[in-house]
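Given as structure tokens, the chain that follows is alone and in the form predicted on its own.
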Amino acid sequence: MNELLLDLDQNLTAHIRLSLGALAIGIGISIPAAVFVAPHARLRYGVLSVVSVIQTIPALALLALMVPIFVALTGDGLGFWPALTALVLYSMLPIVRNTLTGLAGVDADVIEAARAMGMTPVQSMLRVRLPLAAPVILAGVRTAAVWTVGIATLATPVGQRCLGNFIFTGLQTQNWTSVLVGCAAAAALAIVLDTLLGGVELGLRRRRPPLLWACAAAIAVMFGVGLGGPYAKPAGPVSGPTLVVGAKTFTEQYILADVIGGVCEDAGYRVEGMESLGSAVVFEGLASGEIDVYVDYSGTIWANHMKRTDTADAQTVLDEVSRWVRETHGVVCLGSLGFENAYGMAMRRDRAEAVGATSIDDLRGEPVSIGGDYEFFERPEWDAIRSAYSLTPSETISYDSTFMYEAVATGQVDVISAFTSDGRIAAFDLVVLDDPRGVIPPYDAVLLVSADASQDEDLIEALRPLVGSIDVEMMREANLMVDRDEDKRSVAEAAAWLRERIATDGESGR
């Protein structure tokens, strides 16, 4: 709990900065746009249609779409600006709609009276129509504020620190306290912001300037706290260079990122974490230099990025991957950490025995249900497995990887796309089916360093001892420490244990 509280100020201030920044820009765009199109029926319809269509795009998908767009435009696709842009777009519908509704609701006699007094259309809008429509407009702003604060928790997968860091990490490591802290903090922030905006609305409606200005000042102070808050947790010497360590969205990645971070801190670097990223996003971040180092898997690069559909032995895949990342992106692969974390089709032991399944071949023609993580059914490996073994599953279901294991353990699905270094395979007594046709490529955990960071000889020297230092049994045990329900450890504790094992084995000349 203490670790969560230490991170709360950074995640909360980053969340305030992101959500209030998006809301402010959304207001600055939406209200003038609505005022401009209000007299023109066709323009009104067009603008409302556009902002309504944007609202139909799932929030996480819109955030993800910003990554390739920003990469194409600026070369940088992670972090604050892609997340801010997506949230601005999401905030616009209630503000535009309520502004148009408020303006349309102004009594025609009042508008006519303003015209009779010699006001120009601009003067009428600024002095009469907008002030009268202000309560309705503010109601739309309040709706947009709550939406924006909530949706901002989804910015974690695009590399933006926010309260979603608690939620995503907590879901993956089954740390429900972390999830609760993230949800509670986001809800509290939304309630406070909505209350303050409600005070502004009440002050306008009842003509109480002190209330209006007090609430507006409180919002300004909140925004100032967000702008002035810490952007990242300083770790290691303040004077040292800063490194960004990336991680994907599962326990093993969090542990390895912590191990790498600790090694870099000991070498005199400051470390910033960028966690809970998708496979494509984290690799793009490394290729663009926004991430300095992270652990990927040779099979992921082979299939997803190199678009290879053939298979080869582990060393050939590792050599080809190392050559490709250097030639295409300048990225340096320092080598394998010493273990493989491949996809493996796994079943509960009693279910496997009931259908006589020891290999994926035994599932041919069986109407089994198959569960996978978010990416699995869109990956080339699934196409290769399904084609090579002529699988005809009764259904395929995508899960968060945490719940995927629960699903097969409780019988909700028959088979899952397990990770072979996951400690939950043993904990749930699962059987990993053989792959006799060899269609699943090797998945050695490899240490990747960005083009710029690879020029730092001190960094390379600090990281090199990690190569070949972790075997699959060590990794499974570290993963299980975090994932098991009894005697559960934190990611930091598991990483500390793993570093100690690495040091001990290194001294004994393993």
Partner chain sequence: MADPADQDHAGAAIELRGVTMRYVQDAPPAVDQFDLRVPPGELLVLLGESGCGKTTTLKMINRLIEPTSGTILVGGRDIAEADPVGLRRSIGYVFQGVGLFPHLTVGENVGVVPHLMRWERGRTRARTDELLELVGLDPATFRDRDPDELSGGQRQRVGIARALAATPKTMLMDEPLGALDPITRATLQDELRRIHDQCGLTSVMVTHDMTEALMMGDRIGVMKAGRIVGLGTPAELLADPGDPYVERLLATPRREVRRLEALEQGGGAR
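Residue numbers count along the first chain shown, from 1. Bear in mind the structure is a predicted one, so any value in this text is a computation, not a measurement.
Below, we turn to the form predicted in complex with the partner chain, even though it does not appear here.
Listed stretches are 180-188, 121-129, 422-430, 367-375; the contact stretch with the partner chain in the predicted complex is 121-129, by a heavy atom cutoff of 4.5 Å. Within this chain, residue 437 is remote from the site of the partner chain in the predicted complex, having no heavy atom within 4.5 Å. Using a 4.5 angstroms limit between non-hydrogen atoms, residue 323 is distant from the partner chain in the predicted complex. In the predicted complex, none of the heavy atoms of residue 217 sits within 4.5 Å of a heavy atom of the partner chain. Under a 4.5 angstroms non-hydrogen atom cutoff, the partner chain in the predicted complex has residue 112 among its neighbouring residues. With the partner omitted from this view, the residue of 104, 73, 227, 116 that lies near the partner chain in the predicted complex is 116 [heavy atom within 4.5 Å].
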